[in-house]
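The chain below stands alone, shown as structure tokens; this is the form predicted on its own.
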């Protein structure tokens, strides 16, 4: 059951991630088209070959989003999906595209997540109340609006801090180990020209001295919003054979959803990425010890810690020891987020965009230059939406 590994990522495109963006402002449709064009050029394909697309929300259309994108591109397709999985969206896009290709519905699918600033609206709409509540469901009739928001249980910082506090109570907490995770990822970001923290490594002392945002999470343990965006081309094996680069074959995936807010979690220290990863590894015919790098969704340090444990890279409760005892930089014995992750690269729209998927693909293709992992034939990728609510896992392999 599952994928046969007959679809691959063959081209990528990525805008540099910048905290202070001073470039042109484009509507999301314009960004979508530009990213698609760049990814096609990277693969060596023509726009007329596109016959599928996967998208997320765009500002220009509240509904019929795939049709809106297709119309703007001027390219009819046989397959279209709109994904709403927060930070699990990118991984969800890739496996859906691969499945559609293996079903014979299409051969060349564009998956894009644009996130550059858009032109200012001369007649702006009233502010959405989510701005004030930092909640995904402040609407009338929402359980979150009735049972969570009035009592202050809202926003990602509070939710992930609560998970970290629960982990500390159950397994203990090593603040220096968590700081080392940031340090290792920033070491990789420091040599990635696309990263917001390019050329800016940090020390454990820097991390622990940064402002406490939500105990025990320091500012440098939390992602920073940036301008950016990315796209990939997923293609059939026939198309992949004539593309420019080594294909990154999509051999396994998993997806698991459990809750929306931590209020309803049965166990905050057991996350959906466990079942998702188990399925992905089984489908790919691999075990965690056989991957050469892991591109783990890292909105917070605690997210990486729990993913390392629940995906099977170390035992439950052993994550902090694992981080301390292993070199997680691009040149280390267990490379994690070789581009710097979102903690080192910044979090572009759609809750992180394509960063982890693009980096995994580049590693398999052997195109990461100074930060290239030697002999990189298998990469694990994860995605996380909400507050450990919905998680996805992906295995990419070289031929």
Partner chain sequence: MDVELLKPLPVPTPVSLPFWEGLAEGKVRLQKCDACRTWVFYPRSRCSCCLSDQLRWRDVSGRGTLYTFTIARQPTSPHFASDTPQLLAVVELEEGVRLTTNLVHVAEADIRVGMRVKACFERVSPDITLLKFQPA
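All figures in this text were calculated on a predicted structure; none of them were measured in a lab. Numbering follows the first chain given and starts at 1.
What comes next is about the form predicted together with its partner chain, which is not displayed.
Its partner chain contact in the model of the complex: residue 148, any heavy atom under 4.5 Å:
Judged by the heavy-atom cut-off of 4.5 Å, residue 148 is in contact with its partner chain in the model of the complex.
With a 4.5 Å heavy atom cut-off, would you call residue 172 a contact of its partner chain in the model of the complex?
Looking in the model of the complex, residue contacts with its partner chain do not include residue 172, since no heavy atom lies within 4.5 Å.
Looking at the partner-bound form in the model of the complex, is residue 311 within 4.5 Å of its partner chain by any heavy atom?
Residue 311 lies outside the contact set for its partner chain.
Given that the partner is absent here, does residue 292 sit within 4.5 Å of its partner chain in the model of the complex, heavy atoms only?
Contact check for residue 292: no, nothing within 4.5 Å of its partner chain in the model of the complex.
Of the residues 200, 244, 324, 166, which one places a heavy atom within 4.5 Å of its partner chain in the model of the complex?
Result of the distance check: 166.
Which one, 227, 73, 118, 265, lies within 4.5 Å of its partner chain in the model of the complex by heavy atoms?
For this set of options, the contacting one is 265.
So which of 228-236, 207-215, 185-193, 277-285 is the stretch with heavy atoms within 4.5 Å of its partner chain in the model of the complex?
Result for this chain: 207-215.
At a 4.5 angstroms cut-off on non-hydrogen atoms, which residues of 298-332 are near its partner chain in the model of the complex? List them in order.
Heavy-atom contacts within 4.5 Å come from no residue here.
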